[in-house]
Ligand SMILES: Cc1cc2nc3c(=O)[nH]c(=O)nc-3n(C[C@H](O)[C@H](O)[C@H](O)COP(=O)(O)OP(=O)(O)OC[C@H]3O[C@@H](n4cnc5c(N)ncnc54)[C@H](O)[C@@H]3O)c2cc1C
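Take a look at this single chain, the form predicted alone, given in structure tokens.
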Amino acid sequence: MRKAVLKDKSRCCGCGACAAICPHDAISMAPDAEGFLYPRIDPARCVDCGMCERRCPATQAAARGEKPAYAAHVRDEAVRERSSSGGVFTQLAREVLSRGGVVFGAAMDEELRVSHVGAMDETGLAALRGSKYVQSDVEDAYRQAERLLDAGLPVLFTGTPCQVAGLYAALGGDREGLLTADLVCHGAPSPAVFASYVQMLQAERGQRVERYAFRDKRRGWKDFCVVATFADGAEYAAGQKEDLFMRGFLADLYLRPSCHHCPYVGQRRPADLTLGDMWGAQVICPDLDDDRGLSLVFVNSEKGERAFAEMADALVLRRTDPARNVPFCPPLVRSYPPHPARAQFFRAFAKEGFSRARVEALLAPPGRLTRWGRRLRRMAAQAVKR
């Protein structure tokens, strides 16, 4: 009986492929102290066949060559307004739904938990639209997608690169009828941290949060804001630089450990298409930048090329040089290092949950003495090297 799928826990992305493919149902996914899902092995069922490790995406290399890239948005302005960026995902999904297919993506339930679900029509598609900045539970979606593909139905699966790689691992490779799209990903925050943050908002307002949007465009696409809607209809709305959860996320305070050395940055994209925001549009293609949302699309495979061509008439698009996007979107080429106070945050989180005062203190700019101390340590390190 093996004790773990991977010897190095920090490499595990939590995709759940190991649990989906285990022939003896010996693996389940369970949260650790930080709230991230990791495989848990049942010693009574495991026969140490090694399939989990062999098929784990962390042990595979995703390699693709140079990819054409486009700036794009849908012509349907109503869809564009309801989307996080340019609405390309919705148009891609509509093409699959029109052929009787099913679209998988991250959705938030009534308890504000995020998991991957399948949509079979336009009504179901609405729940998949929009960014969710928390790691979703995807394991069941792999099994559902496999059953649909076995039945001959088209499937579009969208998610982070590691989730798409997890799907291929669960399926044992690519399949006829499958189309995949991954996302330009900053990293996955802890579901437990988000849940505790929501509890903090509820305690402050004395009302239950019934809906939550991570990317609301009421201030525009570039300066997006989060919006929490309470049971009495009142709203909490704050910009990305104001909201405490978003600030911690963008400062890399509570990302999953594997996100800090993501194997899918750069050209190593596992999906047929890659979708993201066309940050830097005001410089790269200013005539398309009206602050209503613009997508960045990479076409990574022949399947992706065919799918992109099928929806091109519904898009306003422009070929672009991906190298020009890098200064505005660093996740295209590198992972973010953890915040220096990450360990300190999780020690405090274990005792008190998401504390406004604690997080504000950890994210505060360093004082003069701290800056001088860091400078002296750098100078001393450089002197030793000489």
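Keep in mind it's a predicted model, so treat the numbers as computed, not measured. The first residue of the sequence shown is number 1, and the count goes up from there.
The form predicted in complex with the named molecule is left out here; the points below concern that form.
Within 4.5 Å of the named molecule in the model of the complex, a heavy atom is found for every one of Ala106, Thr158 and Gly276. By the criterion of a heavy atom within 4.5 Å, Gln240 is excluded from the residues contacting the named molecule in the model of the complex. The named molecule is not drawn, but in the model of the complex it has no heavy atom within 4.5 Å of Gly35. In the model of the complex, none of the heavy atoms of Gln199 sits within 4.5 Å of a heavy atom of the named molecule. With a 4.5 Å cutoff on heavy atoms, Thr180 does not count as touching the named molecule in the model of the complex; it lies far away.
Heavy atoms within 4.5 Å of the named molecule in the model of the complex map, among the stretches 143-151, 109-117, 169-177, 190-198, onto 109-117 alone. Only one of the listed residues (Arg215, Arg256, Arg247, Arg94) places a non-hydrogen atom within 4.5 angstroms of the named molecule in the model of the complex, and that residue is Arg215. Proximity to the named molecule in the model of the complex, defined as a heavy atom within 4.5 Å, singles out one entry of Leu315, Val184, Val227, Val102, which is Val184. For the partner-free chain shown, Cys329, Pro331 of 305-340 come within 4.5 angstroms of the named molecule in the model of the complex, judged by any non-hydrogen atom.
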